[in-house]
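Presented below, as structure tokens, is a lone chain in the form predicted on its own.
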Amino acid sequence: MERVIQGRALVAGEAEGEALVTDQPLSFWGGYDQRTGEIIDRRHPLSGQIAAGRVLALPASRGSSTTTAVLLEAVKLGKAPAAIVTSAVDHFFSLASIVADEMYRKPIPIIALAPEDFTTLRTGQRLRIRRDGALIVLTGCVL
């Protein structure tokens, strides 16, 4: 059984993976280890979690364009999230994905959900992202 949430594709793409969800923004500069995919901001609720290969759901990035640089390096090293889901348009995540596509042919799907839809996501759910911005929650599948 599936539940479909229609989002807005900021950078179109397809991905599937385990959700890693937070209601707190994250600065990738000093908050994300691009060599391992670990969230290293020790004050963040996801501290110590590995986001590489997972669908990272967070309301937005925090900080500046350095988020783009760190995320781009994570893509290059194969340690980026499989997709990013936000509750608002995030230009820094989108820019990183667009540049990753140009440089490495490895875009990260980025979608924005309505805030009320975003709050229904839970860590451990299996999520699938479609090119049209739809997010499919594979119901009953919590890892």
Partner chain sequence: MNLKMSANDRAQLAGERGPAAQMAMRIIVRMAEICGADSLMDITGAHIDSALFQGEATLEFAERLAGLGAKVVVPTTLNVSGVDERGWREWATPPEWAEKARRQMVAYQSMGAAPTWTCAPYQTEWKPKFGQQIAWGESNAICFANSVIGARTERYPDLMDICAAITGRVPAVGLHLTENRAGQILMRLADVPRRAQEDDEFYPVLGHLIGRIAQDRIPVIEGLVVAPAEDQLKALCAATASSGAVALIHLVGVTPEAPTREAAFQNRSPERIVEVTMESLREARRELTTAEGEKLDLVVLGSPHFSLAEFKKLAPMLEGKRRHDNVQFLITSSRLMTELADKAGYIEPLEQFGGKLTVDTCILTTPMLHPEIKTLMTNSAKYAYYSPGLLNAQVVFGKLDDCVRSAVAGRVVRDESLWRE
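Positions refer to the first chain, counted from 1. Computed from a predicted model, the values in this text were never measured in an experiment.
Unshown form predicted together with its partner chain; subsequent notes refer to it.
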| property | result |
| --- | --- |
| Interface segment, criterion being heavy atoms within 4.5 Å of its partner chain in the predicted bound form, picked from 50 to 58, 113 to 121, 23 to 31, 78 to 86 | 23 to 31 |
| Output flag, Val4, Ala15 and Lys106 jointly within 4.5 Å of its partner chain in the predicted bound form, heavy atom basis | no |
| Touches its partner chain in the predicted bound form: Val11 (any heavy atom, 4.5 Å) | yes |
| Its partner chain contact at Thr36 in the predicted bound form, heavy atom, 4.5 Å | no |
| Contact of Val70 with its partner chain in the predicted bound form (heavy atom, 4.5 Å) | yes |
| Contact set, 78 to 112 vs its partner chain in the predicted bound form - heavy atom within 4.5 angstroms | Val89, His91, Phe92, Ser94, Leu95, Ile98, Val99, Asp101, Glu102, Met103, Tyr104 |
